[in-house]
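Next up: just one chain, as structure tokens, the form predicted on its own.
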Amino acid sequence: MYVAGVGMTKVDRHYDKGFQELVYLAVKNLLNDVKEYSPQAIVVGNMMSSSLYQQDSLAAVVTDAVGLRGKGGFKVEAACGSGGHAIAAGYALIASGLYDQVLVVGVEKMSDYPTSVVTLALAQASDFEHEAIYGASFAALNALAMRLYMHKYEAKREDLALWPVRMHEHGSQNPYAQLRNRITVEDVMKSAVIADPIRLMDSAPIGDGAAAVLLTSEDVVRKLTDTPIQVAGVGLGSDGLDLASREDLLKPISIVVASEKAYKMAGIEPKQIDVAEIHDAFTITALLSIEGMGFASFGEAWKLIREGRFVAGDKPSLNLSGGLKARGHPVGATGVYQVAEVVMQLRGDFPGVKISKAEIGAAMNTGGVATLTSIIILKR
């Protein structure tokens, strides 16, 4: 199983573009990346087309947008993890032998609505009956995890501010990124409180975007590209939807289980990964992702970041795109962006911060508070 080509749009507040326009632009960029193009099916990663835009049948919207009317397709929803799960679904369609070319598209529109409306829609990634209905926003639930993390592991608030500073540094060099300004620890500490201790600068911005990945079987990939990237491992995991029922809020079993499955399938260990894009919708999400994937012991990620680990050239180098924090987080599309970015890192043609001679990469995408997780391992 291989990635033959990728395409992305810049993440931004695209007030002048709808679903079709965003998808068209992403696939147009993908067409510059492949010699031929004849997908037999389409998988769409999206979270909020129904809740915000009252638009279902999104696969039909996408097939029309890219001139593939008549091809089969469906939408995959796993909250903010929809994009990564869409990649997994596309992988399964090819691995089963049903198709040998599948187009996976992630697309999301959020900017047309006030923050309060988007926040309510995002809260549907939580246990709505037992959490959101009582006013617990998605940010508030993550704030519970962040406060517990700081208390249990004695992490200072200033130490945790280092992650978004680094993400903005990376994002400043990524032409696809929504936020391209550099920030300081002081900027993070003085930014508005969203849900204490989470501040504005700990949080991914609201934005729109689309990304596309063409998955193919081994039999046809060489006809499409001279730089195929292998999909070597796929892992999925889940956790309790409501935080109150979890065994340990700081040990996300969805990430641990998905990682173990993907590593075993790819025949690798975490220390072999050169570059990864991980989910950092909030600063705490980055810490849980790093530890859940085995890049740090539990409670140690913040110390390693403070020591300068995970920068470009380290192993692994993390979120060279700027991550969700700076590249942006068009929620249902994010996992597809991550796979596209890792593919470009492995090929050596990512347009922002990049490393040389990367052989193994990973894309880690999660929905909810690490509730539904996908891990995609890619090899050059």
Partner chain sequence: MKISPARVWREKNARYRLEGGRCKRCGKLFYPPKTACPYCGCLEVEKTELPKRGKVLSFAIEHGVPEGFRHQAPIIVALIELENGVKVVSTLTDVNPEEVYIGMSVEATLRRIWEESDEGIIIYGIKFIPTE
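The shown structure was predicted, so the numbers you read here are calculated from the model rather than taken from an experiment. Residue numbers count along the first chain shown, from 1.
Just so you know, the form predicted in complex with the partner chain exists too; it's not on screen, but the next bit is about it.
None of 303, 190, 130, 223 but one reaches within 4.5 angstroms of the partner chain in the predicted complex through a heavy atom, and that residue is 130. Residue 244 is the only one of 200, 92, 265, 244 with a heavy atom lying within 4.5 Å of the partner chain in the predicted complex.
Note on the interface: of 246-254, 161-169, 230-238, 277-285, the segment with non-hydrogen atoms within 4.5 angstroms of the partner chain in the predicted complex is 246-254.
Shown alone here, residue 195 lies within 4.5 Å of the partner chain in the predicted complex, counting heavy atoms only. Taking non-hydrogen atoms only, residue 119 approaches the partner chain to within 4.5 angstroms in the predicted complex. The shortest heavy atom separation between residue 293 and the partner chain in the predicted complex exceeds 4.5 Å.
In the predicted complex, none of the heavy atoms of residue 157 sits within 4.5 Å of a heavy atom of the partner chain. Contact annotation for 132-149: residues with any non-hydrogen atom within 4.5 angstroms of the partner chain in the predicted complex are 132, 133, 134, 135, 136, 137, 140, 141, 143, 144, 147, 148, listed in sequence order.
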